[in-house]
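Coming up is one lone chain in C-alpha cells, specifically the form predicted alone.
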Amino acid sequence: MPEQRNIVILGASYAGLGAAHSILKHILPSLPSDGPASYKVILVNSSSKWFVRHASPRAAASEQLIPYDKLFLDIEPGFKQYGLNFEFIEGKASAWDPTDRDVSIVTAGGEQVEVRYHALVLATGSKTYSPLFSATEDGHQQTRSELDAIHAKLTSPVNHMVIVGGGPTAVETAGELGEYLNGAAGWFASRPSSPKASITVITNSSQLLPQLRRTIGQQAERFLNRVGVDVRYETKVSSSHSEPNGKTVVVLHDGEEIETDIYIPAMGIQPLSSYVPAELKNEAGYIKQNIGTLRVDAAGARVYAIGDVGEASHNSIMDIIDQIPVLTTNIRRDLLAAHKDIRAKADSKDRVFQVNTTETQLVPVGRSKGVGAILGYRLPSFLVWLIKGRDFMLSGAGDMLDGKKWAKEAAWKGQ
C-alpha cells in the first residue's frame, strides 16, 4: 500500500487558503499515480471560520453595515470538492520539530495530536494589536467579542475617541467611525455640521499613509476632516490603561495624558510564530526564509513560508497573491523530484518572488470617499470607492474561499 505523504498547511487566512487550493488544483493532479506514495493536503487553522479582515474597519462601526455572516465564513465547505485528498483540522500549532518533521497541534477540543509532514507550508499570518482587525491564535471568538463590545459602546454617547496609527487600517477605521457618529460634511463644507464625537488619529509619522506620496496622505486627512476626525502627527503613544469609569487613559511620549471613551490601537502587526523554533526566526519574530524561493532552507527539505509570517512579506494582500504562484511552482518541483526518492532535488529552475515596489494601495475614507494609487498611478476618489470602498471587497471573498481565485495557474516561462 502506498505511503501517505502529508502536505501540511498551517493557517487558513489569505495565504493558507490560496496555498491549499493551488496545491489541490494544480499540484496533486500532476503528481505521478505510480510510485511509493499517495498525497493528502491537511489544512490546520485555529478556527473553523475565515475572518475577512480587510473588511474589519467598516465592521467595527456597525453590524448593520457588515453582518457577521459576511465577515466570518465557514472554511470547510469550499474544500468538499477535493474529497479524500483534503483534511481540515481545527486547532493551532503549539510546537514544530523540523528534525522529526512533525507539528504538534492542540485541537479545538483540547486534544494534542502530532501531524507528520512530507511538505510543510507555514502560513499562520499575523495579528494586530487590537483583536478588532485580526483573528487570534485561539480563533475568531475574541474578534467577535471585541466587535460586540465596540458596537455596545457606540450605542452610548461617545464624546471622544483616539485611534493610534497612520496606515490604512487606522485611516479606514477613523473614516468609518467618524461617518457613523458624525455624518459627513455637505457639498461646500469641510467638516460635519453637528458632530457628536471628537475623534483624533495619532501617528508617529509626519504623514498619513506613508507608503503613498505625501499629497495622497494630505487628501486622506481632508476626507477625515469631513467626518469630524483630526490628526496629530509625529506623536508617539507610550502606554494606555483602563479606568474604573470605563474610559481609557492614553499616555503620550512627552507625558501628556488623554482620557478617552474609546481607544483603538490600529498600528502595526505581530507575526503569529510562537510555535516556530527560535533559531528559525529573526528578532521581530518573522520566519527566516529564502526571499526569492520562499523556502525555509534551514528547516530541511520541502518547508516554505508565505504571507505575513515570513520575512519576504511587506504585510499586504498583494504580496500574498504574488507569492502563491511562486509557491505552487517550487513545491511542485520539489515534490516531483522527491516522488520516488525523498533525497532527490529538483533539477529545473526555481520560480522567484519579486516584491512589487510600485505605489499600490487603496484606502476608503468613510462610505463615499477614498484615496490611493495602483502601479504608481493615482486614482480619483470615486474609483477607490468603486473598487474597494463600496463593500470592502466582500463580493470577492467567496472566490478566495472556494478556490475560484486560483482556478487558473499563473503562467510562468521559466520551467
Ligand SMILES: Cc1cc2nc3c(=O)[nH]c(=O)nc-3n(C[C@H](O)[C@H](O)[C@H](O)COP(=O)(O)OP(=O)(O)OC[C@H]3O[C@@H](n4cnc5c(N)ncnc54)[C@H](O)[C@@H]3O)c2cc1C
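We number the residues from 1 along the sequence you see. Not measured: the values here are computed from a predicted model.
Another form exists, predicted together with this ligand; not displayed. Remarks below refer to it.
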### Query
Though only this chain appears here, would Val229 touch this ligand in the predicted complex if you measure heavy atom gaps against 4.5 Å?
no
### Query
Does any heavy atom of Tyr275 come within 4.5 Å of a heavy atom of this ligand in the predicted complex?
yes
#### Entry: in the predicted complex, Gly166 touching this ligand (heavy atom, 4.5 Å)
no
### Message
in the predicted complex, is there a heavy atom of this ligand that lies within 4.5 Å of any heavy atom of Gly372, even though the partner is absent here?
### Response
no
#### Entry: Ile258, Ile317, Ala301, Leu336 - the one with a heavy atom within 4.5 Å of this ligand in the predicted complex
Ile317
### Message
Can you pick out, from Gly91, Gly217, Gly78, Pro265, the residue that has a heavy atom within 4.5 Å of this ligand in the predicted complex?
### Response
Gly91
### Query
So, Ala12, Thr136 and Lys388: all three within 4.5 Å of this ligand in the predicted complex by heavy atoms, or not?
yes
### Query
Among 42-50, 378-386, 61-69, 349-357, which stretch sits within 4.5 Å of this ligand in the predicted complex, heavy atoms only?
42-50
### Query
What are the residues of 123-162, in order along the chain, with a heavy atom within 4.5 Å of this ligand in the predicted complex?
Ala123, Thr124, Gly125, Ser126, Thr128, Phe133, Ala135, Thr136, Glu137
